[in-house]
Every structure is written in C-alpha cells, then in structure tokens.
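Here's a solo chain for you in structure tokens, the form predicted alone.
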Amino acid sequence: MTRTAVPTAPGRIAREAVSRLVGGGSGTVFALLILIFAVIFAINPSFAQPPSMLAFAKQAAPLVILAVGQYFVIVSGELDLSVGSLVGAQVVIAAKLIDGEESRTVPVILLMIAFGALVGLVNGLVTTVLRVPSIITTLGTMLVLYGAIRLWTGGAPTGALSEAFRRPGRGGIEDLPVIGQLPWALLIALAVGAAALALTRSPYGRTLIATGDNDTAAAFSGARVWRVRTTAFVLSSLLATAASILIGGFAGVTAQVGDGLEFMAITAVVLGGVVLGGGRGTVIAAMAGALTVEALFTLFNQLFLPSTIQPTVQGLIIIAAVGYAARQRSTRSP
C-alpha cells in the first residue's frame, strides 16, 4: 500500500493546490481563455509574438485591476456600478489639475487616491449603515459623478496629463531582448493580483467570503459585517483609481473615458466563476475572466465584427451567470 500511495501523493497535492487556486467550477474560464487565444493565433500567427502579447497585456491591465476591485465587492454579496464613472472622473480631474505641469503630478495622484477612498467609503457606509441596496447606492454615485464632471468641464475635458502621469500606462522597461518592452502596466497588474491573493488568504479575506456566503452567520460569529463590506467598497474605488492612471496614460483624456467599464468588470468577474450574491469564487479566476473578456473582444476585432456586438455579449454572459448562480443556490437550499 505504501508503494502505491507515495507516487500519487505529489500529484494529489498538485491537484489540491490547483483546486484551491482556481476554485470550484471556475477552471472553465482558463480553458475558454486558452481556446480564444488558440483561435486568435490561428487567424493571426504574428499575435503570438512576445511584443504583441505584451501589448495585449498592457491594454488588458486596467480591466484586470478593475476586476480585482469588483471581485472584493461581489464576493461580499454586493455590487459596485460606480467604478466606470469614477475612472472617467479621475482622469478628467487629473488632466484639469495637472494641465501639463510635471511638478503637479504627485500631489494630484495623492488627491486622486483620497477622492477614490472617499467615494468608496460613501458607497460602503450608505449600503451598510443606511441599508440602501448597493445597486441603488452605486447607481446613484455613478450618475452623480457623471453629471458633476460634465457640469464642471462643460462636457469637454480640458487640460493635459503630464508625461510622468502617462508613464505607468504607456511606458515600461525598454530595450529588452526578444520582448522589447516590459510594460509597467503589466507589472502593476501582477503586483495588484499578488496583493489581492494574499489579502483573500488573510483573516479579512476569509471573513469577506464568509460574509458574502451568509452575512447573518458571519455576524453571529463575531464579524463586523458593515466594516468588512465597507472596506470592500473602498478597495474597489482605490483600484479603480489605479486603473484610471493606467487608462489616462494609455488612452488619454476624452469625454468617453471610463464609459461602460463597470459592466466590463462585472462581466469579467462573473465569467471567472464568481457568484453574484457572494460567497464563492477566487480572485485569480476573476483576473482570468478579465483577460478572457479582453481576448474575446480582440477576437471580434480580428474577425472584423462590429464593436456594437460587445454589449450584447456582456449582457448574455451576465444573464447566464445569474441564471447559473440561481440554479446553484436552489439546488443547495434543500
């Protein structure tokens, strides 16, 4: 018996490690990601070259970061619809306040961080203390930010971002063999992912997931549910601020910056197997969901499909995810 058990132990340990990493059922998103890339490579073999893949990673990095923030909120049992408008507001505020002056870059970034934390704190407290459903709270925040920025700018963003502000989004470590440039955006996204993974394995992360699964049981076990969920909203807004810095450097300042990003982030998270309603899913799978969404839209471009198909695909993914989650909960109820 010992001879048969020893050889299988490493394989069993590896399978358990992979299972803990991707979570139950969310491994499908990794298979889908590989399949989409295989089709893209078949259509355009040059896309498989390291510079092209790194350019894709640079473009996908903001969505990956947004998906991490949205993951914390969704796994706690809530929803954040304000991140897209927050990204747009942060970029417009930065451009107007910096106005091309390099010396203003750091103070403005600090102001953006404070503003992002404030938005997340308001979302969290209104949801948890005043008990307003998060979809209503964050929808209201989205509309307030959308209207306030357009009122402030007259509908046409002014000013300019400094080169130092743009560097994280468009720059990187240059002149590397084979790959050419290693984007800062990719390194930032990897750092955010590593920090998020560590946080989910901390006592706070375990409490967050337990709160999403059953907030009443979590409260009876001693967890301060309002504080856990409020922190999740703050994290979401702070990561949206980080994404806005990358988007500002990559895409520049336009009136449409940030539009629809909240739905892309939600699509990415649910595609990663995170259950709407909370309690199930992993942050790694949510990040893979963001890459899958970005790869899917890249495939649409390769097939010359109209960009108007994107909202339809996002809607179908969200509806399918909600239906699947409802079915899972109904089968667990008895």
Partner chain sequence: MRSLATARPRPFRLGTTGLVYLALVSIVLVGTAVAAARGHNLLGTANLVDMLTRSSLLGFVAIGQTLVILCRSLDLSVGYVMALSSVVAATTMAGDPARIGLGIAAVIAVSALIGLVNGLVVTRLRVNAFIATLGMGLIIKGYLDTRYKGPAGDIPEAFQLFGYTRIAFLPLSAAAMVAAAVLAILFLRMTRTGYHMYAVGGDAEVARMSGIHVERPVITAHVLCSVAAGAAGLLVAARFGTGSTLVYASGYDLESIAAVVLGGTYLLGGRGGVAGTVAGVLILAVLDTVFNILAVDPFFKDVLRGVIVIAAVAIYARRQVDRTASRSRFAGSRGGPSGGTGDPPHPAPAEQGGRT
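What we label the rigid core is the largest C-alpha set whose atoms superpose within 1.5 Å from one form to the other. Numbering follows the first chain given and starts at 1. Quick caveat, the model's predicted, so the values are computed rather than measured.
Not on display, but discussed next: the form predicted together with its partner chain.
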Non-hydrogen atom within 4.5 Å of its partner chain in the predicted complex for each of 151, 312 and 315: yes
Candidate from 249, 88, 116, 77 lying within 4.5 Å of its partner chain in the predicted complex - any heavy atom: 77
Contact assignment for its partner chain in the predicted complex, among 133, 107, 180, 100, heavy atom within 4.5 Å: 133
Using a 4.5 angstroms cut-off on non-hydrogen atoms, would residue 184 count as touching its partner chain in the predicted complex? no
Is residue 146 a contact residue for its partner chain in the predicted complex, using a 4.5 Å heavy atom cut-off? yes
Contact label in the predicted complex: residue 277 to its partner chain, heavy atom within 4.5 Å: yes
Partner proximity in the predicted complex: residue 196 to its partner chain, non-hydrogen atom cutoff 4.5 Å: no
Pick the stretch from 58-66, 268-276, 27-35, 44-52 whose residues have a heavy atom within 4.5 Å of its partner chain in the predicted complex. 268-276
After the core is overlaid between the shown form and the other one, has the C-alpha of residue 309 moved by 2 angstroms or more? yes
How does the CA gap of residue 317 and residue 37 change in the predicted complex versus this form, closer or farther, if it moves 3 angstroms or more? closer
Indicate closer or farther: the Cα atoms of residue 314 and residue 136, in the predicted complex, relative to the displayed form, with a change of 3 Å or more. farther
